[in-house]
Ligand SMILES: Cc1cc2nc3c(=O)[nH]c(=O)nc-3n(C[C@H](O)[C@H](O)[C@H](O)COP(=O)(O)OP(=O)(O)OC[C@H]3O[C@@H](n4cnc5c(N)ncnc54)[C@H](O)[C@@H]3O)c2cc1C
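A lone chain, given as structure tokens: the form predicted alone.
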């Protein structure tokens, strides 16, 4: 068998490839090392960006990685998946000089890959202080919290219902941004600090909430979000209609040839960044045509502009003001999506009479917003949610139950990996402030 990657696998080559030394040195030396660096303010984890870039310029990669990872323990994955155009690179002062911004994400990867992926120890667990913290879920928020607590002397145990840890990082990121193996390698590096992760362990089923509350000094909820629910329109049970997150997770763990869409037509329903990931990946899996259908206009689309441009470059066709009202099929399989055109009238989205039409397709991917894990949240006495089902918490992550903290998508409703890590770390510091004094 050839060791050469297949044509489909080649389509999923790194979006932000690793720089070589010469390219990194040239890029690092372009940085102006601003005193009041706006890039730091734009980073949710406040990484000392000029500081780590300066160390790259002097070939001190370990020192550079330390600066990044002490602020953001998942700095290696964030180097790949952060929307840097909207965050640190978007704030770079070189924009004001009409120059290209520093490629901060790629420099961050250059510094961290050699430490994290080669599993070089950089931080160690502190001597145990006798306190235990249970973390529900092993995604970015829980890992950010657990890593911080381990360095403060806490015994930390993450309970994860999936077969592998990582949550969104492992199963929900577009493969051309970060692959499955890289996500797991980073988590193994985090575990070197003494973070314990128990996979295939569902809270409420394999381990009781009561035991977490009795056996641990504090609990952190990093449970993320549920899948994409049905739209409630006819035909959703037809073969070929899927939750886009299932689709993204599947192509993380299976050879691309087994999930090929060559010759197919795909309709992605939604206008956010998850919809964009599904759209771009469908195109890269060889789909003959990919429609991204959104019920409002282009200006209202939530997906980042640079991601929209990438999808268009991959050949996707954007269909605006398109409300799905039914899935059509034959012999049990989807054959098309019926839409009605929409328009905003007096501030309200309304259907346009007589505007129905059908887009023929073989696959429909729902990306219309994830649900909340309200059943799981309700198992924890005293934890309140808001009107949208998000966990209520104070700025430091403490919930309305004083023994429980939280962070990540179950609080925000869905933000970036870097936001989840920041919230997990902030919660860890709050837990330490409360428990450390006792």
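Residue numbers count along the first chain shown, from 1. This one's a predicted model, so the numbers in the text were calculated from it and none came from an experiment.
Another form exists, predicted together with the named molecule; not displayed. Remarks below refer to it.
S.K.: Okay, which stretch from 314-322, 114-122, 186-194, 219-227 lines the named molecule in the predicted bound form, with non-hydrogen atoms inside 4.5 Å?
M.R.: Result of the contact check: 219-227.
S.K.: Is residue 148 close to the named molecule in the predicted bound form, meaning a heavy atom pair under 4.5 Å apart or at it?
M.R.: No - in the predicted bound form, heavy atoms of residue 148 and the named molecule never come within 4.5 Å of each other.
S.K.: Is residue 415 part of the interface with the named molecule in the predicted bound form - any heavy atom within 4.5 Å?
M.R.: Within the cut-off, so yes.
S.K.: Taking the named molecule as it sits in the predicted bound form, is residue 427 in contact with it (heavy atom to heavy atom, 4.5 Å or less)?
M.R.: No - in the predicted bound form, heavy atoms of residue 427 and the named molecule never come within 4.5 Å of each other.
S.K.: Does the named molecule come within 4.5 Å of any heavy atom of residue 329 in the predicted bound form?
M.R.: Because no heavy atom of residue 329 falls inside 4.5 Å of the named molecule in the predicted bound form, the answer is no.
S.K.: Suppose contact means a heavy atom within 4.5 Å; in the predicted bound form, does that hold for all of 270, 336 and 363 with the named molecule?
M.R.: Judged in the predicted bound form, none of 270, 336 and 363 sits within 4.5 Å of the named molecule.
S.K.: By the heavy atom within 4.5 Å rule, which residue out of 373, 61, 383, 37 makes contact with the named molecule in the predicted bound form?
M.R.: When the named molecule is considered in the predicted bound form, the option within 4.5 Å is 373.
S.K.: 131, 341, 177, 256: which sits within 4.5 Å of the named molecule in the predicted bound form by any heavy atom?
M.R.: That would be 177.
S.K.: Out of 392-407, which residues reach within 4.5 Å of the named molecule in the predicted bound form, heavy atoms considered?
M.R.: The stretch 392-407, when checked against the named molecule in the predicted bound form, contributes only 407 at the 4.5 Å heavy-atom cut-off.
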